[in-house]
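For reference, the chain that follows is the form predicted on its own, supplied as structure tokens.
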């Protein structure tokens, strides 16, 4: 029964996501797909997956332990904090912190996590901002 509930909740989330995507205002500089193209694809994949889960649930689902659920909640909190920190700290700093934390929670050592966070952040910044010329959130240090 819990799989069916999970599937229905996912389907409702997908519907809400699609409605929000359809309400995105188009600017005069948009491409042929428009700003809602990718969010609609994500909503469709989430909706179809949720329907499959609701229609064909696992006979004996195995849910994670309370400790694992706490770790998942901590990861969600980190992503919310990332979204909040992005305009304040800038792309490079916020991404380095988020990637380092998530890498650490996945089992890397502290030094390896920090190096992964900084490397990922700087690498993405170089590719998307310096090479492709895309605008990323600027922080107090100018990048």
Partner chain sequence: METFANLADGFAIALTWNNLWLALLGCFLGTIMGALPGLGPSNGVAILIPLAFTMGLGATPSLILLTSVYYGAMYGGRISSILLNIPGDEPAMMTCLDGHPMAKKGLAGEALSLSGIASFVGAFLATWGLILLAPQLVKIALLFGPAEYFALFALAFMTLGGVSSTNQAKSAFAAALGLGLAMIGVDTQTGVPRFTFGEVHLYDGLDFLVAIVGLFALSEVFIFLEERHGSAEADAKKLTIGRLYPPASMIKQTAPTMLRTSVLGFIAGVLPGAGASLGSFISYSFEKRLVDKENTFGTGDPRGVAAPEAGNNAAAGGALVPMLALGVPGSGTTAVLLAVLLSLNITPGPLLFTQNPDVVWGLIAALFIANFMLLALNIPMVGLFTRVLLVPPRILMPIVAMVSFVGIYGISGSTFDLLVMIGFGVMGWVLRKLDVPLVPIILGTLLGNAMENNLRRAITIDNGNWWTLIDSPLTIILWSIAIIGFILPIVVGRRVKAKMRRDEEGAIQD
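Just so we're clear, the structure is a prediction, and the values are computed from it rather than from any experiment. By rigid core we mean the largest C-alpha set that fits within 1.5 Å across both forms. Residue numbers count along the first chain shown, from 1.
If you look for the form predicted together with its partner chain, you will not find it shown, but the lines that follow are about it.
**OP:** Evaluate residue 122 for contact with its partner chain in the predicted bound form, applying a 4.5 angstroms cut-off between non-hydrogen atoms, and reply yes or no.
**Re:** No, no contact at 4.5 Å.
Subject >> Interface membership of residue 130, its partner chain in the predicted bound form, 4.5 Å heavy atom rule >> reply: Heavy-atom contact with its partner chain at 4.5 Å: absent for residue 130.
**OP:** Using a 4.5 Å heavy atom cut-off, state whether residue 45 contacts its partner chain in the predicted bound form.
**Re:** So residue 45 counts as contacting its partner chain.
Original post:
So, in the predicted bound form, is residue 110 in contact with its partner chain at a 4.5 angstroms heavy atom limit?
Top reply: No - in the predicted bound form, heavy atoms of residue 110 and its partner chain never come within 4.5 Å of each other.
Original post:
Listed by sequence position, which residues of 75 to 100 have a non-hydrogen atom within 4.5 angstroms of its partner chain in the predicted bound form?
Top reply: In sequence order, 75, 76, 79, 80, 82, 83, 84, 86, 87, 91, 95, 98, 99 come within 4.5 Å of the partner.
Original post:
Would you say residue 136 moves its Cα by 2 Å or more between this form and the one not shown, aligning on the core?
Top reply: Comparing forms between this form and the one not shown, the residue 136 CA shifts below 2 Å.
Original post:
Taking the rigid core as the reference frame, is the Cα of residue 56 displaced by 2 Å or more between this form and the one not shown?
Top reply: After core superposition, the displacement of the residue 56 C-alpha between this form and the one not shown reaches the 2 Å mark, so yes.
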